[in-house]
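The chain below stands alone and is given in structure tokens; this is the form predicted alone.
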């Protein structure tokens, strides 16, 4: 049996052939592949480079797989390549490995235009909104069924949810809102000093924090903490098959998993908003006393005179809607998870981004509505 050998034969400027002779075994694949790569690199688009198998006495599957792969690469580069002059035994192996099938030429994907990207993003956003609204409908239906059978819900999970989402978030919410009130007061202090209106810093901080910044900052913190946690928890339960197991046992995931989380956020976020209001006002108080020569009593009296019950109540009303939006989006994204750990990470990221956008949109809508209504 002859040893393996290959030789490049060029019949014209545009047609070449690689002649194979002897026994082609997988033990010689590395040496054979290196030689074929040297020949293949010189071929250019529009040429023909055939594999002449007339002198092949024996070939095994490993070498045939390499040759089939090389032929596919050549044809995708625009170089015509076929197996020619193969004996019956070799031809059967060529057909077995699909080396005689046609190969589609890969064409570069056309770049997506700006309008196309905007359209796709808009369609994706509309679909997500549709899913969230459908999820809200399922939650309402589960709420009515829960009214008739209250014991079917997992009420034991409600205190733990309130503790994780509420009590554990108090330090970070107090710190963030205190710093926000501090920064706002510092920004306004220089301008107020110029006009001798130092006392008005209490008006600015009191109204801005109670109407806008307190509920919004508290909701953003909860969205990053609890919203992401809800999505990750339900996502892992979904990919691990625990949600399907609950359905198999006749336990609805909406009543058992979603309702306690929604109620927990609705109960704790208004309380966190009130604490955020207090922290923001205290931040302004520090600047007023330290930088604007105000007294603690004067600052607090001015705040109590300017800030009305409605200013605080409007923030609490916003916080209720914020809590519902955070819980809905987080639970919907978690139950829609698929694709293992990567899918959980993707849904968690989507939860935070979508929730932040929804919070800003809801806050702007409430602000415009209250302004138009004269509230």
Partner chain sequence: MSAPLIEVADLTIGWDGRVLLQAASFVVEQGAVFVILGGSGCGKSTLMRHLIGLEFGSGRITIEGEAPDQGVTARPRFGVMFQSGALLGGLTVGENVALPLQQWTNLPADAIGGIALAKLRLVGLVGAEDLLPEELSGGMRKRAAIARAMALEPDLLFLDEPSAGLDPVSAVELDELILTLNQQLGITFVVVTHDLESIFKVGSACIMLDKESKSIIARGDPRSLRDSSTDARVRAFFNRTHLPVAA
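In this text, all values refer to a predicted model and were calculated from it rather than measured experimentally. Positions refer to the first chain, counted from 1.
Omitted from view is the form predicted together with the partner chain, to which the following refers.
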Option from 127-135, 226-234, 251-259, 162-170 whose residues, in the predicted bound form, bring a heavy atom within 4.5 Å of the partner chain:
251-259
From the list 113, 196, 88, 241, which entry has a heavy atom within 4.5 Å of the partner chain in the predicted bound form?
241
If the cut-off is 4.5 angstroms on heavy atoms, which of these, 266, 183, 289, 246, is the one near the partner chain in the predicted bound form?
246
Check residue 92 for me: does it contact the partner chain in the predicted bound form (non-hydrogen atoms, 4.5 angstroms)?
no
is_contact(residue 297, the partner chain) in the predicted bound form, heavy atom dist at most 4.5 Å:
no
Can you tell me whether residue 305 touches the partner chain? I mean in the predicted bound form, with a 4.5 angstroms heavy atom cut-off.
no
4.5 angstroms heavy atom contact with the partner chain in the predicted bound form for residue 109:
no
